[in-house]
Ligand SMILES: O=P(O)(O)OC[C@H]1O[C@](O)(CO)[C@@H](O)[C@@H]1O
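Listed next as structure tokens is one chain, alone, in the form predicted on its own.
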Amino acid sequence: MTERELWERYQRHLCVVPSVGLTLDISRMNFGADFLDGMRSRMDAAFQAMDALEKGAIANPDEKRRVGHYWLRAPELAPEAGLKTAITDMQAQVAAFAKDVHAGKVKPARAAKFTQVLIVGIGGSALGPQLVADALGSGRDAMQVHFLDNTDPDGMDRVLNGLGEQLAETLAVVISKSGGTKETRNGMLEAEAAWKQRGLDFGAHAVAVTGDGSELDAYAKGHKWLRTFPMWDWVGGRTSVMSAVGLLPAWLQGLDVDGFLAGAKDMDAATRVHDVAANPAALLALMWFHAGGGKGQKDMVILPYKDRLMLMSKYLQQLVMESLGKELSLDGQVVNQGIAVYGNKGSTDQHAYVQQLREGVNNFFVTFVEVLKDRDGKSLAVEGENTSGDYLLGFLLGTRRALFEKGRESMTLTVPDVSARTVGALVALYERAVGLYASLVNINAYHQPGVEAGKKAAGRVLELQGKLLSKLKAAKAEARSADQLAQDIGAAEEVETVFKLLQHLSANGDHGVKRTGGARPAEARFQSA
């Protein structure tokens, strides 16, 4: 195309959302002139499914649950008065609690105020709050936020040791819907031990966000924690950032929570319309379908040209991949759907993997995120009249052009700034795009059977470890190979797992297992130390 033709295509396919100041440019996606019309019937069905979801229909048939994260920013749309009350009560409770913390009405025993927040959670219980905290936070926040989001001992040591004496003024927020998530349980126990080591009462520093009657709920109440806040089964973890999961940390940090919710609500209104050309979520879903042939054949590369949005790709990895990565269709047919998501930030991407994007395998499409506002205040001219922000835009547009010249597809989201309102709008945009795309390819976006399978497999591994330790203790000083020990515990078919367990046990002093013999697996011998 000529530059004039590209300009005309840009104007023709630019979706403008004035309520949040967002535009979506799909002109560099190579869809044909008849593509949008050809998808009209599928898109109409997707709109109808989304309308039914918002009205309270069972949208997660496998677990027979409603899906209500859209009600979190518009409680008046909840299908029952009780749900509306539950949401508004939660919002009032977390705001009031944060206000009392900031005022010193809720305070630690050995400090005047809580100044730090430690979030203990994983998956949706961490990724959403991390995105919001990093995008909107600063050193001037009411409280500084830290995360334990894995069961990595060294990772937890880094965070807890980094807090050090500040544990005395740290509020722990433990987040788990079921209360049975092992990574979160482990993080909670490690945190509790760190507080105890300093002579502090963890319960007087802790609140829980969890389901009513869950294991965590019972633990928190039994150990006299400060408060518990609700989670509901109609809000999935990956769409929970506007529940107490995300709102409590944001209020404590001192962020603009009202703006965050308002941006999401306005985006919901914009993406609820059935006019595809005016609906950015529908256009995103259709472009995903076009790029991957409706089968996820191309990866989604997220490139925000803004440091504050660096975690956007990590957040979208879970939202997109956990929602869309499904083996079965709603009809029970094997479809193996999904879209792989990865990303970095611009212009760091140009010094990382843009070389491959331009000249390597063409197995992706890019979404650029352009932020119009460079910074608060005036920028320094670094070369002639050009500022650092001018260079950032130049690199974005240059990369977009370089990719297009090689037939590599891209979209561009443009937002006015990185404000609470904008971040809320971006979250809501992608939540709805995921739901609409799931309808286009006929899958359930709101369950995660693969995650549950992984948890069960991990349980089996730890069961084997227990048997191994019992056998090693019974064998006393006798050194045995992984093959022999696997036979001993009735796990001959799982000898590789047995070896990996023994390798880990012998590398750490926690269980008293010693390794001797050679470096190769067959040469290694293990015994109780």
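These figures come from a predicted structure and were not determined experimentally. Residue numbers here begin at 1 and follow the sequence given.
Note that the form predicted in complex with this ligand isn't included here; everything after this is about it.
Not displayed here, this ligand is kept clear of Lys326 by more than 4.5 Å at the level of heavy atoms in the model of the complex. Although the partner is absent here, Lys455 sits close enough that one of its heavy atoms falls within 4.5 Å of this ligand in the model of the complex. Though the partner is left out of this view, Ala96 does not reach within 4.5 Å of this ligand in the model of the complex, counting heavy atoms only. This ligand in the model of the complex comes within 4.5 Å of a heavy atom belonging to Val451.
From the list 375 to 383, 357 to 365, 338 to 346, 315 to 323, the contact stretch for this ligand in the model of the complex under a 4.5 Å heavy atom rule is 315 to 323. Each of Ser125, Lys177 and Arg238 comes within 4.5 Å of this ligand in the model of the complex, counting any heavy atom. Though this ligand is absent from this view, in the model of the complex it lies within 4.5 Å of a heavy atom of just one residue from Gln91, Thr399, Gln253, Thr181, which is Thr181.
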